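There is one chain below, alone, in structure tokens, taken in the form predicted on its own.
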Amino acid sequence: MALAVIMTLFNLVFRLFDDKSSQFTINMVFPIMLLISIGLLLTSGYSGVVANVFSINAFSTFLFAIFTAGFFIVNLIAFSYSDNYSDFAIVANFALLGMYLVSAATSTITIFIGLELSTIPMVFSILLSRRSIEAAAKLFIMAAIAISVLSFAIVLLYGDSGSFALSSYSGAAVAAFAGILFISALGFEASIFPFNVLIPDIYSGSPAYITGMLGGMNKKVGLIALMQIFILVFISDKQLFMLIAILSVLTMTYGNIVALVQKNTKRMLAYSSISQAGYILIGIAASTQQGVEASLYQIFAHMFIFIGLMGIVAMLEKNNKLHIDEMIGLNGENRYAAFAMALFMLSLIGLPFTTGFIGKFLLFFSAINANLLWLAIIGIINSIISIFYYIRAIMAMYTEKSGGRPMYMSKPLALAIFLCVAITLVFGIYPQPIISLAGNAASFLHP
């Protein structure tokens, strides 16, 4: 955490001198240092509470690691395709601090502060990009509604328990109502149906590198907060978990069906990311250690798949290729981009030996073991539905086109895509290290 704060301060100093290269160097070196430090924490098994504000444990350190890695890759993409990298680097650093706070939260107040710190900077990042005031306004509206409802939920829970701590509630009706409000508030943060209505507009109206951070990292924070609150506070309320299961069905079905008719590449991927939130909810709805483990693995898997996809979309946008039909012949223009994009989409479908397959297998298996066979079956049906729009895009990329010109990829972007491809394949073929880390993290919530 201290290294992340120092990294943010360095970015602020170098921004004053308008030193973009130094900021980029800082944002490459410090995440590597952070990952080494986090690796030492994971191997040592260290656990402790810092200043009664946040907790260092297997759960938080696992999330620290994946958010730091995601931040590193997003910076590679932003440095290549952002017109205002200096400003983006600062807001991205503040957002990362917010993600750390939520990951290590010991109370609803810490979650409240962390969610705001991870979301509001992204509003400014869209505004600073001068890309779309509309997208920034819509993200701000969603954040404002979410935080208002979340505040009410926290107050109700405090009124029942007399504490902001993440601990089991008494079972009173007012606290159960607070649980519904938590679902509503975090539904906005995590793109859960029906609270995701503005998400496709926000994603399509933002530069691709910002969309990558929003869909790959920020929206995962909402799911993590939902996971913490419901496993630690509402674990005994089976009706609330049934509500989450129903929202899981609605979210993945809505996302997949609407994605079928999309012609804009980024909007299709936006609806796809909504459906992925529905899959992740399966593990939370199971309310078991196995379910939490599966959700954490899928959060890890989708983070790097989505960031990788947005990296390629950033390159396509720069070449004015915004629609699926405009991807025709991509294999002839850049074989590396076509291969990576096809791999990411196949992983989202659930191609064996990719992280997407492992994640869905774990999620469906956890639902079956939690006596939610119907939820697993609906998840499988939704995976079949998703085949149609992913294959349509893949077929376009591998359709030959005459007169196509080579499309060049910057070296930082090429490295970012390589890292996402490597993660998708390596931990799809050999998932045990991540499953083990996710299992240890889940055991913290399910002692």
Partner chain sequence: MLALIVILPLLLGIVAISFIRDIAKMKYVAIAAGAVALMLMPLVSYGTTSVNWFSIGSFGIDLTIAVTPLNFLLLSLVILIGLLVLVYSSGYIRSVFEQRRFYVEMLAFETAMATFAVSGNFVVLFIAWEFLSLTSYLLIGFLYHKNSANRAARKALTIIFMGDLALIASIALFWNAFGTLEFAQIIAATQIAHVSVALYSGSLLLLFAVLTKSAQFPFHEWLIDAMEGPTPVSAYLHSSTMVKAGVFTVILLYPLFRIGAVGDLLFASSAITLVLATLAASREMHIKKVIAYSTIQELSIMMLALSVGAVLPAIFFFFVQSFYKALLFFSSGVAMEASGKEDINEIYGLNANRMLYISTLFGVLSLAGFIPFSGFFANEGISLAIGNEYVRLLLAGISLLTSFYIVRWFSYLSRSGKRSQVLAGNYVSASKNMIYPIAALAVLTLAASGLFFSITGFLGYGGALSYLSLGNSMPFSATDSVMYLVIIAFGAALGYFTYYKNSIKIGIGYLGRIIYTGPIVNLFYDLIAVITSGFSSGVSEFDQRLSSFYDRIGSLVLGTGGELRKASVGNINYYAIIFIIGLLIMLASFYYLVIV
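Numbering follows the first chain given and starts at 1. It should be emphasised that the depicted structure is a prediction, and the values quoted were computed from it without experimental measurement.
There is another form of the same protein, the form predicted in complex with the partner chain; it is not shown, and what comes next is about it.
Enquirer: Applying a 4.5 Å heavy atom distance criterion, does K318 contact the partner chain in the predicted complex?
Expert: K318: no contact with the partner chain in the predicted complex.
Enquirer: Within a 4.5 Å heavy atom cut-off, is L437 in contact with the partner chain in the predicted complex?
Expert: No - in the predicted complex, heavy atoms of L437 and the partner chain never come within 4.5 Å of each other.
Enquirer: So in the predicted complex, does any heavy atom of I384 sit within 4.5 Å of the partner chain?
Expert: Contact with the partner chain, yes.
Enquirer: Classify Q432 as contacting or not contacting the partner chain in the predicted complex by the rule of any non-hydrogen atom within 4.5 angstroms, answering yes or no.
Expert: Q432: yes, in contact with the partner chain in the predicted complex.
Enquirer: Quick one: which of 303-311, 235-243, 277-285, 83-91 gets within 4.5 Å of the partner chain in the predicted complex, going by heavy atoms?
Expert: That would be stretch 235-243.
Enquirer: I have V53, F112 and G162 flagged as a candidate spot, so tell me whether each of them has a non-hydrogen atom within 4.5 Å of the partner chain in the predicted complex.
Expert: No: none of V53, F112 and G162 comes within 4.5 Å of the partner chain in the predicted complex.
Enquirer: Within 4.5 Å of the partner chain in the predicted complex, heavy atoms considered, which of G98, P207, G222, P200?
Expert: Filtering the options by heavy-atom distance leaves P200.
Enquirer: Going by heavy atom distances of 4.5 angstroms or less, which of L157, A146, M227, A270 would be at the interface with the partner chain in the predicted complex?
Expert: Residue within 4.5 Å of the partner: A146.
Enquirer: Could you list which residues of 367-398 come within 4.5 Å of the partner chain in the predicted complex, counting heavy atoms only?
Expert: Stretch hits, in order: I368, N369, L373, I377, I380, I381, I384, I387, F388, I391, R392, M395.
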